[in-house]
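In structure tokens, the next block holds one chain alone, the form predicted on its own.
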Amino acid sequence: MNLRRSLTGDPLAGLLFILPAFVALTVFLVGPILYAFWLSFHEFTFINPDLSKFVGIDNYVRMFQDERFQKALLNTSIYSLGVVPTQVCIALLLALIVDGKVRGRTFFRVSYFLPTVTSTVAVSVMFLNLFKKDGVVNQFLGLFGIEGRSWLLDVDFALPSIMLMAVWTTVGQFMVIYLAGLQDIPQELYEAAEVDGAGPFRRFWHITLPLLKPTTFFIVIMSIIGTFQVFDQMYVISKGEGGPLDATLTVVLYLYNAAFKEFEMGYASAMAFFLFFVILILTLVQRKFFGEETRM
């Protein structure tokens, strides 16, 4: 007992307890981040690190002169603008449905959540088969006399097709978060509003939606971060090239190719930090937009 008391009361013992976590975070998180920031100001390749040299902000300037990077940034922005509002609205709608008194709601919850826990590679391969020239989608459209196409090989439809896949795979996860938010709303508020004669739409607009504001803020931020970091779907579907004609090239895919195919680690690090600041700015804007209520 005395030994235990002396250990818990000793500041040195406390420091020893947090030392493994501190070392792990420093070595595997903080250290690599600082090293990548240092690399972003250098022309560097791991093939011949002795030839690395300091180039200042040249890597950051190069990004805005690089047409492929601009195309990747545009594709990523379009992808985010299309996916985020769509999946937030559908997730809220599904949460409202399965939160109600519908028969088989447990089955629906599992069904909607199932794509979230499915491997992205497996889902991508499945969509490759669904959207190919003789796939199920074109066979279905053929019933209505609509001519099919190779959706994922078409410059105009490749990115929207992947956006559809992203919405389908992530909406279940956000539905569960909305469901938790809905169940935290006190029922007394709905009962009082019903006594005052408020209909379903007014109860949703004046009670549900405002009280879900912190949940919506969290979902929007997580969704923006996820869409700006999209990589695996694009990599599998375009075989790592971002085709056709860079139609599915995103910032992270271009960054990956620069780092591990072109071995330009300095340029890739600069792109990574640019992406970090874009996400940071969008998060701060969202926080301002959603107001003080979102502060924890």
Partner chain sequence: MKKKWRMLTALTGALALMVTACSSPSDESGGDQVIRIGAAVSSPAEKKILETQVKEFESKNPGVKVKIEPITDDYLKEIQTMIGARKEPDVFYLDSMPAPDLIRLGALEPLDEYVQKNNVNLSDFEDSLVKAFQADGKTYGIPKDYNTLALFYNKKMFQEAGIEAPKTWAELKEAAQKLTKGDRKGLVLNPELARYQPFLYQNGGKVLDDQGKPSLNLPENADALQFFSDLFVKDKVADVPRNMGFDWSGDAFAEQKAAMVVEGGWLIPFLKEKAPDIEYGIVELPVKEAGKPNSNLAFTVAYVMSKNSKNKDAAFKLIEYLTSEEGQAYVVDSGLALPSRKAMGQKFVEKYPEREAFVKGAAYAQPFQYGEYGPKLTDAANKAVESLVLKQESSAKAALDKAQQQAEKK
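Being a predicted model, the structure only gives us computed values, none of them experimental. Numbering follows the first chain given and starts at 1.
Although not depicted, the form predicted together with its partner chain is the subject of the following passage.
This chain is drawn without its partner chain; in the model of the complex, the residue among Leu153, Ile207, Leu164, Ile78 with a heavy atom within 4.5 Å of it is Leu153. For the candidate spot formed by Leu51, Ile237 and Tyr256, every residue has a non-hydrogen atom within 4.5 angstroms of its partner chain in the model of the complex. None of 102-110, 67-75, 89-97, 180-188 except one has non-hydrogen atoms within 4.5 angstroms of its partner chain in the model of the complex; the exception is 67-75. Although the partner is absent here, Ile47 sits close enough that one of its heavy atoms falls within 4.5 Å of its partner chain in the model of the complex. Residue contact with its partner chain in the model of the complex: Gly226 places a heavy atom within 4.5 Å of it. Contact check for Gly31: a non-hydrogen atom falls within 4.5 Å of its partner chain in the model of the complex. Proximity of Lys213 to its partner chain in the model of the complex: non-hydrogen atoms within 4.5 Å are absent; the residue sits far from the partner.
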